[in-house]
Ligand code: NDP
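One chain comes next, on its own, written out as structure tokens in the form predicted alone.
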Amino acid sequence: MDLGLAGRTVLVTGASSGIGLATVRYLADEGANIVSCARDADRLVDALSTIVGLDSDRVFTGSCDVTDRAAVETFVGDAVGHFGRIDGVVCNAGRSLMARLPDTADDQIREEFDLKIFGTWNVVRAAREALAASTAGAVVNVNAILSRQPEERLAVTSAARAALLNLTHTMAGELAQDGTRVNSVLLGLIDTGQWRRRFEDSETDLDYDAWSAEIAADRGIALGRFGRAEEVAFHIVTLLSPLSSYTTGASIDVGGGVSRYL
């Protein structure tokens, strides 16, 4: 199926691994141009260079911290100058803080909200004018089921993600006047580098598949496994597509049946 993304330009944050990198692979297959930034720009360039069919003339990268508004505005302005347009934005930069509330320092709380809220809004507002000029402007915020179903083990991350979900709905209403759509993808447990690192630190005698299956059972994941990055990326790219032109303010769960909210 042609998703109508060929020749369009999409900005993806957090594209050096995991869901962001999988999203870029889909976009490359669709013929889109890619804009992406990272604090470690060399790592990002190395990651994007592994994507078959993504020519260098279809990629614009740079070093940028998404929590730094001035740096984001400069980077987005340079990207628009390079390609002449931005048609889509995927706000994927993020992490999870595995800590209960009494074990979380004040600075960690501030950092979580800074990354989830400003790390998204800085990018969207910097790209807003370009998105409005597109015939198919779209934003997808990568969030988590934690935003609706908090966990004590991820206390502050749950709260920050709830704030981001609320903000996303507000942005959907605000940017609708520009003709720009804003949606969310809500993750469950996805097999990314974070989980691989936790496995390596666990000192378990199990292999990764058995270890992750135990966690899936403990968390009540109906499908009994972690999700894959490409399973999330599929929904992100679908929401970016002009074929989703009547969808805004929506959230899609990609969690293997872990959600218990109504």
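Sequential numbering from 1, following the sequence displayed. As the structure is a computational prediction, the values presented were derived from the model and not from experiment.
Missing here is the form predicted in complex with the named molecule; even so, the following discussion is about that form.
Enquirer: Three residues, G14, D40 and W195; all within 4.5 Å of the named molecule in the model of the complex via heavy atoms?
Expert: Per the other structure, all of G14, D40 and W195 touch the named molecule.
Enquirer: If contact means a heavy atom within 4.5 Å, which one of 166 to 174, 181 to 189, 102 to 110, 132 to 140 is the stretch that engages the named molecule in the model of the complex?
Expert: Heavy atoms within 4.5 Å of the named molecule in the model of the complex occur in 181 to 189.
Enquirer: Tell me, yes or no, whether A93 is in contact with the named molecule in the model of the complex, where a contact means a heavy atom of each within 4.5 Å.
Expert: So A93 counts as contacting the named molecule.
Enquirer: So in the model of the complex, does L239 come within 4.5 Å of the named molecule, heavy atom to heavy atom?
Expert: It does not: once the named molecule is placed as it appears in the model of the complex, L239 has no heavy atom within 4.5 Å of it.
Enquirer: Are any of the heavy atoms in L115 no more than 4.5 Å from a heavy atom of the named molecule in the model of the complex?
Expert: Although the named molecule is absent here, L115 would touch it in the model of the complex, with heavy atoms inside 4.5 Å.
Enquirer: Though only this chain appears here, would E230 touch the named molecule in the model of the complex if you measure heavy atom gaps against 4.5 Å?
Expert: Residue-level check for E230: no, no contact with the named molecule.
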